[in-house]
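In the block that follows, a single chain appears as structure tokens, in the form predicted alone.
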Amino acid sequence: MIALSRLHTFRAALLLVMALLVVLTACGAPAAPGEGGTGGNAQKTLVVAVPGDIDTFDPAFTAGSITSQTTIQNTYDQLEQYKLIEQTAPDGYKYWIADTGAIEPMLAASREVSSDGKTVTWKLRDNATYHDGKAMTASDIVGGYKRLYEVGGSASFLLAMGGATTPDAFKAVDDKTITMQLDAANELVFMNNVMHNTSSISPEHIEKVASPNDPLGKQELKKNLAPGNGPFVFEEYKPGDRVVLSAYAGYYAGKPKLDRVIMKIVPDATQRLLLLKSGDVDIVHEPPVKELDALKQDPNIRVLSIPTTRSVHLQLNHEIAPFDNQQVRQAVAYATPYDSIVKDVYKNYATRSMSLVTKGMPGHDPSFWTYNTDLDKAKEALAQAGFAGGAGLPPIKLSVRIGNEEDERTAVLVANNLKQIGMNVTIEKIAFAAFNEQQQAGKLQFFVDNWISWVNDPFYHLSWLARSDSPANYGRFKNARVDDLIKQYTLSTDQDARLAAVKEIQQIMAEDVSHVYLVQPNWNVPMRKNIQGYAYLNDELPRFFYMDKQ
């Protein structure tokens, strides 16, 4: 194993000499997706510094840990995947992004849809195997789907959203043929079906690890990864230290260029950057934005900065005073220092957000958000709400997650501006787990939050964030018309009508000030300059198969 630690003086000097000998050039284009090969005899190990540990190895329940999700995404394939398209960064670096409008085969060799759009038939490729050598069958895929419904995993909610409402929607016709029966023809179900949550664990493995008290293997899979079928094999997990993956030589699309990947668990962001600068790691996840410009000055480091559809916003709980008052919410919208947040917090590695349906998502329309920073208008709205100069306001807490530096700095700027209109705000820093628990219970009054939808569809997005009965509607926004439009158009194939409905929803939410929209941050990836082929998808999970190390 490779042990990662701070460098001794001699090693640091040696690395410096080696770095000076490197010829620094922009990386060339990566091989097209699907092309394997080792690229030489020397073993290639990619080391990625990640902030968090594993919470589960069960695809049905990965929700909080990016490290868990990344492990599963790289050890399991799905029936289909987004097509990747090549992009060129300003420095000439070639990387991949997802074409969210194009889906292509992965474990499936083909897909056919019936004339009424309700029956989907996949043919499984012949050469797909689990890592234990077992050939994959249609029964394996169907059994995996049925388990997702039985355990109540998030994927079953997503599939039901797309019209596959029960586990009986899936059938194995023969060893290589799978059918899915839908309640209504739609395109959303295919986008919901490319996620790592839909990974199929072999039913034979579930039977092997099940017990009378755990018939679906939930407890076992929380602690141990089942045999996968993707480009990398799970090799080792040391809690609090590392996750190690190795290339699967029998992968149907060819052996990955990388031989091993080590995800090094480093909670401290500053330490992650020190490891990158020293060469102990190759890539850093979740770097502090304030350090990116300085990192760019290092000749051995590249900073890839990719625009996203992520929304960072203020949540105002519509069920907790004073934010049950629309004019108080308007006062906050007028008082928010938008430009300062973009410039001083995100250092211009973000753009201003003006709709919950963010830029880059079909139907995005910023024209309804008419709020700019204007303290006089903010004071006027607060007075009209009955709290002139802040008189009579209840205590207000602005909550943020501990450790999210950008959220904390945003909260300080917002609180300072609100103080100028008479709203005295206490900033409350809450540990990640406790924050999530209070958020999901609807107990947070006022907080900084963010969201990115893994499916780039406005109704998928709004089903989570704007539907009154959604578990992710943390601000408790409720509007009957919005609920009706989401219900009516989520599965609609009438694209013009869908876009018109999205526009109406954005107008309603802006007028109601359902949220206060702040920024769309970039996805920032500092990496050593010898790393090639980074792939960005909306789930923000790296696909190591496409990467190489020169």
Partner chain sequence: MSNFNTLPAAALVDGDDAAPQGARLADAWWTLRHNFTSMIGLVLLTIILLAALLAPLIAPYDPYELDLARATLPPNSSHWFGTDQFGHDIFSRVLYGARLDLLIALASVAVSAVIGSVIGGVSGYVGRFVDEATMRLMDMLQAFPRFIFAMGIAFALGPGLLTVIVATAALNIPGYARLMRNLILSLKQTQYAMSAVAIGNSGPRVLFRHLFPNALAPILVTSTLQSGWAILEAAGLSFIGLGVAVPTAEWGVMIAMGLQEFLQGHWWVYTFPGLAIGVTVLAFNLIGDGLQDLLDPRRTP
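This is a predicted model, so every value here is computed, not measured. Positions refer to the first chain, counted from 1.
The same protein has a further form, the form predicted in complex with the partner chain, not shown here; the description that follows concerns it.
Legend entry - Contacting member of Leu274, Val209, Ala172, Ala383, with respect to the partner chain in the predicted complex [4.5 Å, heavy atom]: The residue in contact is Leu274.
Legend entry - The unique member of Asn372, Ser468, Thr270, Thr88 whose heavy atoms fall within 4.5 Å of the partner chain in the predicted complex: The residue from Asn372, Ser468, Thr270, Thr88 that makes the contact is Thr270.
Legend entry - Answer range among 326-334, 312-320, 96-104, 340-348 for contact with the partner chain, defined in the predicted complex as heavy atoms within 4.5 Å: In short, 340-348.
Legend entry - Site test, Val113, Lys123 and Asp140 vs the partner chain in the predicted complex, non-hydrogen atom cutoff 4.5 Å: No: none of Val113, Lys123 and Asp140 comes within 4.5 Å of the partner chain in the predicted complex.
Legend entry - Partner proximity in the predicted complex: Thr166 to the partner chain, non-hydrogen atom cutoff 4.5 Å: Result no; Thr166 lies far from the partner chain in the predicted complex.
Legend entry - is_contact(Ala434, the partner chain) in the predicted complex, heavy atom dist at most 4.5 Å: Flag for Ala434 set to yes.
Inset, instruction - May I ask you to check whether Ile427 falls inside a 4.5 Å heavy atom distance of the partner chain in the predicted complex? - result: Because a heavy atom of Ile427 falls inside 4.5 Å of the partner chain in the predicted complex, the answer is yes.
Legend entry - Any non-hydrogen atom of Ala388 within 4.5 angstroms of the partner chain in the predicted complex: Close contact is absent here: in the predicted complex, Ala388 is far from the partner chain, nothing within 4.5 Å, heavy atoms only.
Legend entry - Heavy atom within 4.5 Å of the partner chain in the predicted complex - qualifying residues of 381-420: The stretch touches the partner through Ile402, Glu405, Glu408, Arg409, Val412, Leu413, Asn416, Lys419.
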